[in-house]
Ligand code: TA6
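In the form predicted alone, a lone chain appears below as structure tokens.
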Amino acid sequence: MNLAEQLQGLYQKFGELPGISIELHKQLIAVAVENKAAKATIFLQGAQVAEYQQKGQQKGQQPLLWLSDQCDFKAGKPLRGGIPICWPWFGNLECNPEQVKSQFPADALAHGFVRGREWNLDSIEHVDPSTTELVLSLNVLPDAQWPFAAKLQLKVSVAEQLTLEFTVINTGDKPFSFTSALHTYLNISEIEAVSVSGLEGIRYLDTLNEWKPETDEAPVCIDGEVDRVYQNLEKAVRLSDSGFKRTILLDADNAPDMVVWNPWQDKAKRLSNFADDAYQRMICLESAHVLDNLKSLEPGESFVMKMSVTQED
């Protein structure tokens, strides 16, 4: 099916629903959602939420999610920003547990392969004037890259908070193991103006220092490149931004780990679709289950992880 036929089919099915627009961004199709509480944009490629902004006199003055203005919107190429889904492994494959990486070829791309695949838009429901729910799915068939059968589903709720519910179902006849993350890019005023609380006293692995385990007793402030995996969180995390005068709350269920990432100056210059100074306006707080918290599914079993993002009053 070509783009024109795909757009026509989506218009016929969803185009008359309240607050729904079907958009074409160069080679990529997106669904724009607007209701009484918020607006959002979700791309079919990767089931990637690219925009979310709350409404209200004080809320939503700036989008909560960051999307690079250098995205080229090419088919098969993941967008830089929003909330990419990392699956069936997170990060570089060689940094995953042996139980995960032994299933795949050694030259596999970072963060898995579903970010670049086209998902199906199964349904859109206008629950009430302030809540719109979308369900997207992807059937993954065995191939040289992934020798198992699985069905993935993402339910997106656009309301006074943004909620993502990610489901993995083993639809094959063999067990498999995986790690995954909802790789959330948050929009900030400037990197020096933010701090992250809720991680105090939590053990983390510093990937920039030979994965050495460490802890901090103060909120996280960024003054250089950071790439940390915080393990086994038991409460929500808050990002305070003195420049935008707001606090963003991130909460998760069945996602016990959080990755804190900012590339800083040198690495920013090496990233694709990323301006040299873009590190100043974003930070990633990624709800995940990685390393020792990998998941294994027998045939017929399923796994669900959930996370929410909201701006607090």
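The first residue of the sequence shown is number 1, and the count goes up from there. The structure presented is a predicted model; accordingly, all values stated were derived computationally and were not measured.
Just so it is clear, the following notes concern the form predicted together with the ligand, a form of the same protein that is not shown.
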query: Triplet R115, W261 and L271 all within 4.5 Å of the ligand in the predicted bound form via a heavy atom; finding: yes
query: Y185, heavy atom within 4.5 angstroms of the ligand in the predicted bound form; finding: yes
query: 4.5 angstroms heavy atom contact with the ligand in the predicted bound form for A110; finding: yes
query: Interface membership of F90, the ligand in the predicted bound form, 4.5 Å heavy atom rule; finding: yes
query: Distance check, D257 to the ligand in the predicted bound form, heavy atom within 4.5 Å; finding: no
query: Residue (of K155, K77, R80, R238) lying close to the ligand in the predicted bound form, criterion heavy atoms within 4.5 Å; finding: R80
query: Heavy atom within 4.5 Å of the ligand in the predicted bound form - the one residue of E165, E133, D227, E160 that qualifies; finding: D227
query: Contact segment among 66-74, 244-252, 263-271, 32-40, judged by heavy atoms lying within 4.5 Å of the ligand in the predicted bound form; finding: 263-271
query: Contact set, 152-175 vs the ligand in the predicted bound form - heavy atom within 4.5 angstroms; finding: none
